[in-house]
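One chain follows as C-alpha cells, the form predicted alone.
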C-alpha cells in the first residue's frame, strides 16, 4: 500500500488492508493504467485474475473492480477499483498490459454498457447481437422483451440461407421511446470472413454441438491445408444469467445456483460462494465442518478428473480398450461416498454459511478407506496403461504445447497451468479451511503438452486420496455449524474468496448492501480463462490435433455460460 502511495501521490482515493493477503484500493481512473503497470512490473502482480462491474445506481456511479495477483511471487490479491459516472461510463482498457483482460472487459461492456478505451475488439461475448444495447445487468434493467406472447424472438431466414433471430423490444420501451440502438460493430461472421485472404483458405465449423465439447460452443477454424491458421470461439449459447439471478435471491437461496454453474464442481462452487459470505459475516466454520468440506472438495476433484479424463480418451479413439467405461465405474464409487454425505449425486447444495448441512454418516471412514485404496490402485493402472500405449503417446506428446510464459500470459490456471511447470494452486497460494494442516504436493509437469495435462490430473487423484485419508485420521469431534440467524443479512461490505476447484482458480466476489439479498455476485471461473486461451493455442496446429488440444483442457461450457 505504501509503495503505491509513494509512487502515485494522491492517486489512491480509498484503501483498506483486509489482511496479509487482501488489499482493497480505489484509484483515480486517469491513473489506472500507470498504477497497474507499476504493480505488474515492480511488484510481481503478473496474474490478471479478472474484473467485475457494479452498478451503484443510488450513487449514480459504475464501479469496475480489477483483480490482480501473482503466480507465486507473493500471496497478495489486490482488488483495485475505479468509479466512473453512470451517464457516460468509460474506463481505460488493461488489454495492453494483460492479454487476458480482453474477455472480462467485453463482458462488462455488453452487460453494463461501460466503455473500455483502447480495447482492440469491443464485441459482444456472451449475448447475441440482438440484445447488445439493453445492458441487462444494470439495476434499472426492466427485463427482456415480453415473454408471455411468444414473440420474444422472431426467426428470420435470409436469402443466403442463414437463420437469424430478431428480438422484439418490450412494449413499455416502445411506448416510452427508449428502444436501444445496437452499437455498430462487425458481426462474428463478418469478422471471420474478413480473415480469409485467399481461395486456399476455408472456415471449418466445430460446434455448437460437437463431440469434443461437453456443452455447446462454436469453434470455427480458418484452415489452410492441414493447418489451423486462426481460430474463432463463440460462447454464450446457454448463458443462464446466474450472477443476475443471485441478486434477486436470498443469500441461502443463492447456494442452489452455484451448483448449477457446473455440476462437476458443485461442491467447490458451494465452497467459494459460502466462503465469501462467511467473510462478510465475519465467521469461521467449526473445525469439524472444515474437515468435512475438505473431504468433499477432494472427492469432487477425483470424480471430476475421472469423468473429464475418461471422456477425453474417447475423443482420441480409445474406445478399443474402453478406459472411459472403467473410469465411470470407479467414479461411481466416489459419487456413492459423496451421496452418502450430502444425499445428492451431483447438485449437492451442501455447504452452509458457518458450516455444513449435516455430519458424516456413521461408519463413513470404514466405507471410504477401502474405496480410496482401490481408487489409488486403479489410478496407477490408468497411468501405466496410457504410458504403455504408443498410439496415445504419439497423439498427445508434444501436442498443444503451452510454455510456462504463455500459460501465465493467457491466464489459465489449474491442471493446464501446472502442466506448464507453474506450481500455482489455491490450496497453497490462498489456503482455506484446514488445508494448511494437511500434507500434499502440488503436481506439476514441465512439458506443457496435452499428455502432461492428463498426467497432472491423474496424479492429482492420488494426492486427493492422500488428503482425504489424512482428514479421516485427523477429523475432530465437535459441532458442524455456527449458530446464525435464520435471515442472513451481512453488514454492507464486500469480500473475495477463491478456491482450487477441479479445473483451477474459482473465485466469488460478493457485495452486500445490508439487505437479505446480495447486491452483486461476480464469479471468476477457471474454464472461462481456458476458453479465452484456446484460440491462440490452436493456431498453427494440425487439424487432426485440434481434438487432442481442446479436449485436454477439460472445459465445461456451463461454467463459462454461468
Partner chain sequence: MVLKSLKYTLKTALTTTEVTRLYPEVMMELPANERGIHELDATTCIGCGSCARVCPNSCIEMVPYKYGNPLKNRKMQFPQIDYGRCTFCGLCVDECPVSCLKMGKRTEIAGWDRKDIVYGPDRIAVKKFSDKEVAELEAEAKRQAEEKKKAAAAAAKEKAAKAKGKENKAKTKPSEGGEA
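Residue numbers count along the first chain shown, from 1. All of these numbers come straight from a predicted model, not from anything done at the bench.
What follows is about the form predicted together with its partner chain, which we do not show.
- Of the candidates 73, 203, 238, 329, 329 is the one whose heavy atoms come within 4.5 Å of its partner chain in the predicted complex; the others do not.
- Taking 345, 373, 397, 441 one by one, only a single residue has any non-hydrogen atom within 4.5 Å of its partner chain in the predicted complex, and it is 345.
- Mapping the unseen interface onto this chain, residue 117 falls outside it, with no heavy atom inside 4.5 Å of its partner chain in the predicted complex.
- The closest non-hydrogen atom of residue 121 lies beyond 4.5 Å of its partner chain in the predicted complex.
- Contact between residue 378 and its partner chain in the predicted complex is found at the 4.5 Å heavy atom cutoff.
- In the predicted complex, no heavy atom of residue 198 sits within 4.5 Å of its partner chain.
- Contact with its partner chain, judged by heavy atoms within 4.5 Å in the predicted complex, is confined among 94 to 102, 402 to 410, 462 to 470, 256 to 264 to 256 to 264.
- In the predicted complex, no residue of 400 to 423 lies within 4.5 Å of its partner chain by any heavy atom.
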